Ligand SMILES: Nc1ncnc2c1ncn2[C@@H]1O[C@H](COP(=O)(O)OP(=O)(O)O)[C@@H](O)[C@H]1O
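Form predicted on its own, single chain, as structure tokens, below.
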């Protein structure tokens, strides 16, 4: 499965915040979108998912989705885990959130997918009746990813997954995200934490003021001078 974006421009009313963005990822490939606060990372992911107004092309295996609403894009295989885990219903329990995520699957497949997700996120198996709002930040992030994966997406958009997490949790999150390769997902990860991103990226792009100003192979993120020049401008 190939995912591509071409000449994507995102806007809020008359304010354009992303300009002529082009990027893509193949199945099992991890693309990291780096940039400081206000660079347009969240707007870009929102535009791809259809929750932010945009022009340009969003293609999934050659099929144009740019005229599809957000729910239709989700049905076709694009899942967004927004910044702050806003895809969760905090008063609902872990199990209730998972069941909401699974509702798009045929009934006969839901139990099997639920078991697969609990195998990937074992901490959730011990919290079925706990409200999502009572979980730790790391547990909430695991649940947010699980809910997105419940739809069996082809493309997973992760927006600032490290936000608010303790450093000790980041290692667990890295291992969890690495496991997603086995699902054949295209992953687009928006991040400020370049050290975290460097451990996952196959390729990266850097956004500044809504434009791509640098890009390269993931291993290039190991070069602190390269990263500093790209992030600071």
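Small disclaimer: the values here were computed from a predicted structure and weren't measured. Residue numbers count along the first chain shown, from 1.
This next part talks about the form predicted together with the named molecule, which is not shown.
Using a 4.5 angstroms limit between non-hydrogen atoms, residue 180 is distant from the named molecule in the model of the complex. The named molecule in the model of the complex is not approached by residue 187, whose heavy atoms all lie more than 4.5 angstroms from it. Within 4.5 Å of some heavy atom of the named molecule in the model of the complex lies at least one heavy atom of residue 17.
In the model of the complex, the named molecule stays beyond 4.5 Å of every heavy atom belonging to residue 164. Residues with any non-hydrogen atom within 4.5 angstroms of the named molecule in the model of the complex fall in just one of 60-68, 22-30, 37-45, 195-203: 37-45.
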